[in-house]
Structures are given as structure tokens and as C-alpha cells.
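This document starts with one chain, in the form predicted alone, laid out as C-alpha cells.
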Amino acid sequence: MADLPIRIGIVGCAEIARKVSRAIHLAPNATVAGVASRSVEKAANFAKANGFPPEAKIYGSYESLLDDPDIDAVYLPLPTSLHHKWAILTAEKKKHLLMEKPVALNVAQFDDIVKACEENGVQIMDGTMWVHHPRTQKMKEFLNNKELFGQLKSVNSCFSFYSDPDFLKNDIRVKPDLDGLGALGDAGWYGIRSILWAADYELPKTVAALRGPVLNEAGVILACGASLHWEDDKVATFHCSFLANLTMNLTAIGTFGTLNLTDFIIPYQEHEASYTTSAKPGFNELVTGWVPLPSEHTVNVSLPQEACMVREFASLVQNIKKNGAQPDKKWPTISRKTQLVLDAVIQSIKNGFEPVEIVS
């Protein structure tokens, strides 16, 4: 007999929840079981607009969804300032937790959330979608190839998108009481994660914010960058911004090879994604060109990356429910390292851009 799909309830009607509710529908082992808002009407409209199944429940409060024994897991796309309260309540109700990033405002809040998850035996995973794309595994195989790539030496990551005046005035990501981490939390999280991913999640020794961050009148970061340094002389930089053209670049450079891609967070196309590798290149005799040329690799997929994420999350939940397995600590460990670096960037800005030592 096939396993029943994991029943996921959505707490909040954020814009990103439209994408993730579709991903839950596409995942073969999950189903949208309900949506909660602070008003029944808003939740009902959200369900209708996003094609929820007829059996999906509508809740007029977050608490009523969390109290429902028919909900196995919760997707939490609320503003970051609300994560601490509602993530802990979700865990205490024994609901598994798929959370939007950044998970928390700082690592102390993050640790509170994970402690609640561990005490209640529930799985937690953050909503960083691109790490679940099959392309990501293929790229990792290249980075792990000592003959073609060698030893990692540097990583450069950039995520920016140009925001109109309405966004810069009204979006929750520029409000200090809602998403006080601004561009660093929203876009910088991806840059930090990509660097850690390339470095096999080895934390850097120090992090130094780059000078010249842009803040709005309320003190929320609209653009910033940082450099990361390891004891073995690896280096990395990232830049994130709400003020520059849409860019999602990632470059990892080894002793022998280079990995390049320009759409690392959201692929240009849903069902295929490419990347470029270069291994042991040189110049031709007259130094007018490269030999060999970089090679492009394309990965075709049947499920979009967000559905792959939900499938992985639901599989972990299913293993806990059916087999009594322990929650997988891989995902909260990766999230915590990302949060530690994010905290260090903020501390470095406060310290006049001096390097901050990472203490795990």
C-alpha cells in the first residue's frame, strides 16, 4: 500500500506561498491540506486563486491550523520577525516545519527554534530551493573532482534585483519591524549559502562587511556585500542588492578549474538548467584565444526545484512518521551556518567594517 501524502498546511498568505503551494501540489508525496490567515475571507480567496484541492481546509487563525490533528507539517512564509514565535509554536504542536529564509533575525533566535524542534521530534528545513535542483548535485560533482577542479580557492556570488519606488517604500522586506534584515536577509542569504555550499559547508574563520552598504531611512539594508576568509587561504565575496539589475551569478574557482553560472537561484527555464565549466585552460600559440574552450552542461528536470525541495522535506517527514526515524540534522546545521555568517556581516557593519571571527 502506497504511503499517504504528507499533509502540509500553509500559515500566512505571502506572495512566495503561491509558488510553494504549487510546489506542494506538484510533489508526488505531499498535498496542500489547508491555509490559515488572520481572516477566513483572505484564506479562502488565497485557496481559490491558487487552485487548492476542494478538501483543503480554510482557517481564520494561525492557531486553528496548528491545532488541527489532520495537519502533518507546516510551511511558514511569515515575515522574519514573526518566525521565532510561530516556528516554536508549530514545533510544540508536533508539526514538522518548512520555513522561509532567513529562518530567524539572529542565531540566538535560530537556536531557540531548533531547540523546540529537537524537543518535539519534528523536522525543520529552510526554503532555499536551488540546493535541491538536480543541477546543483551535478555542479558539486565537478567541484569534488580533484583532477578537473582541484582545490577550491575562491567563490564570488551576486544576487540583486531592481526594486521600484513602491517596493522600497511598502514591501515588508524594507520594514524594520517585519523583515529588519532587508536585502542581507532576503538576497544575501542566497549568496552566503552558495559560498558555504561550494566550501562543503566549512565555516570561514573571519567575515568582513564591505564598506558602503546602502540603508534606508529606517536603517534597513538595501544593498551590501562582504568578504569571507578561511584558514587555508580560501576567500569569497558576495553582494546583494534591491537597487541593481536582476543578477544571480555564481563563480567558484579551483586550482585547475572554474564553475560559472548566471541563474543559480532561479534557473532561466523551469525544466532545464545549465552551467559552464572550464578545466585546465590555456592560450593558443598566438595568445588570441583559449584552449580548450569552456563547456556548457544542461540538466533537464521533470520537477521544478521548489517541488524537489518539498519532495525531500515530505520524504523526511514520512520517514519519521512511518519508521520512527530521527529528524535529519543536516538541514538545520546548514541553516545555522548560514545564519552565523549573516550575523557576522551585521556585526562587522556595526564594528566599522572590521573582520568578525566566526565562532560556531
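Here the structure is a predicted model, which is why all the values come from computation and not from measurement. Residue numbers run from 1 along the displayed sequence.
Although it is not shown, the form predicted in complex with another copy of the chain is what the next lines describe.
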{"query": "Partner-contacting position among Glu231, Asp166, Glu147, Glu285 - heavy atom within 4.5 Å of another copy of the chain in the predicted bound form", "finding": "Glu285"}
{"query": "Residue among Pro176, Pro134, Gly121, Pro281 with a heavy atom within 4.5 Å of another copy of the chain in the predicted bound form", "finding": "Pro281"}
{"query": "Distance check, Pro355 to another copy of the chain in the predicted bound form, heavy atom within 4.5 Å", "finding": "yes"}
{"query": "Distance check, Gly257 to another copy of the chain in the predicted bound form, heavy atom within 4.5 Å", "finding": "yes"}
{"query": "Partner proximity in the predicted bound form: Asn245 to another copy of the chain, non-hydrogen atom cutoff 4.5 Å", "finding": "yes"}
{"query": "Proximity of Glu202 to another copy of the chain in the predicted bound form, heavy atoms at 4.5 Å", "finding": "no"}
{"query": "Location of another copy of the chain contact in the predicted bound form, chosen stretch of 178 to 186, 192 to 200, 69 to 77, 157 to 165 [non-hydrogen atom, 4.5 Å]", "finding": "157 to 165"}
{"query": "His239, Ile253 and Trp290 all contacting another copy of the chain in the predicted bound form, non-hydrogen atom within 4.5 Å", "finding": "yes"}
{"query": "Residues within stretch 7 to 28 having a non-hydrogen atom within 4.5 Å of another copy of the chain in the predicted bound form", "finding": "Arg18, Lys19, Arg22"}
